[in-house]
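Coming up is one lone chain in structure tokens, specifically the form predicted alone.
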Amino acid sequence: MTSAAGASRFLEVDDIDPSQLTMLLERAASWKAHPSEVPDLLAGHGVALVFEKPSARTRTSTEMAVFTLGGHPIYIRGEEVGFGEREPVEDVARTLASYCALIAARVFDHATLESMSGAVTVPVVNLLSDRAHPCQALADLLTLREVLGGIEGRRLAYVGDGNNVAASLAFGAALSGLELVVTSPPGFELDDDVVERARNLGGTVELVSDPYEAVRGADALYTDVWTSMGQESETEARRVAFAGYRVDAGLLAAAGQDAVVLHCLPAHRGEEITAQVLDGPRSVVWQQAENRMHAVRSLIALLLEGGA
């Protein structure tokens, strides 16, 4: 493992460049196919995993990534550190960095990650914030690479809320040459600043209001829950607003005949996606979920080797 001097951060997908992303995905695929080649890069080292928000896939995939790299994952609940209440964010980060080779955190406020990263010299990884879900995007790109035989020039239609998942996808698409079209109901579109930033990276990002127009010719469809954690008070209003943005058999038929379906999970069958599609033959959702571990493992290796 390299010294802390080579450390960096991964708070959003564009914290790495296109060549690093390509290397990350290639190594993730290689280690997935040949697990005996995974190095003990973290042997004798711990990784702090701070979770202000609970998780199933994120926690398990990251713990296993650390474990298979030879390290020790340390799970820390939000109330155990009390960001901004028991201690300032920076103090918590400095303490964790004195024990651990890397800090990864799933937080409510993206500013928390910025504060942590600014206070330490070990890498800080965003496991989810209100603005971004970059590790999910890495797994998504890895999955598309596997099932489509490549990413560049392919077309992905994202159906639903222009949220943190969609934002990270926009940056991942820009860095990989993937064409992205996002279709959302009025008031829930992807933020203009995200679209501009992705386009400045050389990305092709379209915003289309009609979901049937958006999915035409798509190689893959992607959706997420209509109501994310922390938005429970908006559940009924969102069900009304998103009613026409369900990934069902009709919408899938409007896409390319070989189009696959992705979902970052958890899924609400009958809301954003039907059971017929989620559990159908064109769904690659479970492959996508497995790839969370392979992608974050390759990311950790890239950061610890000073590659970002």
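Just count from 1 along the sequence shown to find any residue number. This structure is a prediction, so every number in the text was calculated from the model and none was measured.
Beyond the structure shown, there is the form predicted in complex with ligand CP, which is absent from this document and is the topic of what follows.
Proximity of residue 68 to ligand CP in the predicted bound form: non-hydrogen atoms within 4.5 Å are absent; the residue sits far from the partner.
Although the partner is absent here, residue 229 lies within 4.5 Å of ligand CP in the predicted bound form, judged by heavy atoms. Residue 238 falls outside the set of residues with a heavy atom inside 4.5 Å of ligand CP in the predicted bound form. Using a 4.5 Å cutoff between non-hydrogen atoms, residue 136 counts as a contact of ligand CP in the predicted bound form. Taken together, the three residues 144, 257 and 282 all stay farther than 4.5 Å from ligand CP in the predicted bound form, as judged by their closest heavy atom.
Contact annotation: ligand CP lies within 4.5 Å of heavy atoms from the stretch 47-55 in the predicted bound form, the single such stretch among 245-253, 47-55, 270-278, 33-41.
Contacts of stretch 277-295 with ligand CP in the predicted bound form, defined by any heavy atom lying within 4.5 Å, are made by 292 alone.
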